[in-house]
Structures are given as structure tokens and as C-alpha cells.
Ligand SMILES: NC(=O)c1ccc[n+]([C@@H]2O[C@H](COP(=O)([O-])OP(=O)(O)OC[C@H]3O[C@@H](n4cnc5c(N)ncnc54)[C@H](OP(=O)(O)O)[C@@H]3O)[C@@H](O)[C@H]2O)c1
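Consider the single chain below, provided in C-alpha cells and representing the form predicted alone.
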């Protein structure tokens, strides 16, 4: 199944890197020429279409990764047909805004993150269709949800991913300022966040119990958490999540 991409920008470049890393043939992906399309086609051997119409005409699976305000316009008037799937990675764009424009093709909403480049994107998907599984599995893991409302809530995690990186940077820079070699600080803090995520993802126990197992009374973790809670950091984090969700809705 050939994958076409409409909107070859920042996110698409990371997805393409992940697909190549997973062994996809560059020629199995057809790009629109706008944005980074022509440059990536020349650099990596991806097929290059004349325009979005050719992408739709030649592909069964089409990824839409344009700015949300441009999403409906980008797919309108193209030669969609039965059996095709439009995979929309446009945050905050409801299915209803796209479904009529691409009928009789189906629409799937996804939210990959830039970790797709290293095969580590936990990609939220709704609804889950067999046609998209090979594509999404190549760039990480699928996280299916049961409704569009759940999809919007889950999309907040794409912002949390960026905040987590900000904390990694802050932790590494602080450690380096205390004398730790910068490369050591970077790897240590980054791997620590990775380890925390794996423990919560893979330990079958309740999340709060997994956390509590780390918080020894009178220990360093407890001291730091008490400071964060007293400074309102955790409350501010929850408020930031609510800000993002309101924008998505």
C-alpha cells in the first residue's frame, strides 16, 4: 500500500525519518512538492507528486499534516474514492470537518509526535482501522481511543511531550551547572525520564502505588515533591493541560 503525504512540514519530516528507519522503501511514499517535499524527495529518494490531486489519485492511504486552519481546504475537490483512508494529523480538526470533503473515503484521526523519527511515537488513533496499523506501528505504538472526545483529551499528551522535553533540558542544564559533564547530564536526565515512563507503562500496579514506592519518608524524592507541591507546580501543570484541551475543542 503506497502512502501519500499532503503537507510535508516539520511533523512529516520526522515521520518520514521513522519510516525509513523501520525499513520502508523511500519510493513507497509519495510527497506533495510544497514545504519540504521536493527537498526530502531529492535527499532520500521519495517519490514526488505534481500536486495533492496526484497524491490522492495514486495512493490508498493519505496522511494530512497541514496547519489545522488549512485542513478542510487542503482536501477539498480532490479525486477521493471508496477504499481510501485519509489519516488526519491536524490537531483540533474534527472528523466532521473533513468527512464530507473526502467522501467516499474514510477518515482516521491520529496524533503522532516527533519521536516518530526514532520509532518511539505513542500515536493516538481514532477510530482504529486495519489499514493504518502497519504505518503507525512503523513509527512507534498505537494508542487507540473509543471516541472523538477521548481523542481530543488524549491529544493533550502531544503537548505534555514538549513539556517533558523542557524538563529534561532544565534538569540537564542544572546538573551541568553543578559540574556534571554536559553530555553525561543530558543522557542521565533523558534516560531518567525514559525510565519513569517505562515503569508507569509496564508495571501493572496502580499508578499512585508505583509512585508511592519511590517516595521514601524523609527521603530526597519526598523533599523535592513537597517543594513542587508547595510551589503550585503540579497544580499549574494540570491547569496547562486544561488550557490545551480548551484550544483543541
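Note that this is a predicted model, so its numbers are computed, not measured. Positions refer to the first chain, counted from 1.
The same protein also exists as the form predicted in complex with the named molecule; that form is not shown, yet it is the one meant from here on.
Consider residue 11 of the chain shown here, and say whether it contacts the named molecule in the predicted complex, taking contact as heavy atoms within 4.5 Å.
Contact check for residue 11: yes, within 4.5 Å of the named molecule in the predicted complex.
Counting only non-hydrogen atoms and a 4.5 angstroms cut-off, does residue 50 reach the named molecule in the predicted complex?
Residue-level check for residue 50: no, no contact with the named molecule.
Does residue 70 reach the named molecule in the predicted complex, with heavy atoms at most 4.5 Å apart?
Yes, residue 70 is a contact residue.
With a cut-off of 4.5 Å between heavy atoms, is residue 44 one of the residues that contacts the named molecule in the predicted complex?
No, residue 44 stays farther than 4.5 Å from the named molecule in the predicted complex.
Partner-proximal stretch of 98 to 106, 129 to 137, 112 to 120, 169 to 177 relative to the named molecule in the predicted complex, 4.5 angstroms, heavy atom
Correct option: 112 to 120.
Listed residue (91, 85, 154, 125) with a non-hydrogen atom within 4.5 angstroms of the named molecule in the predicted complex:
It is 91.
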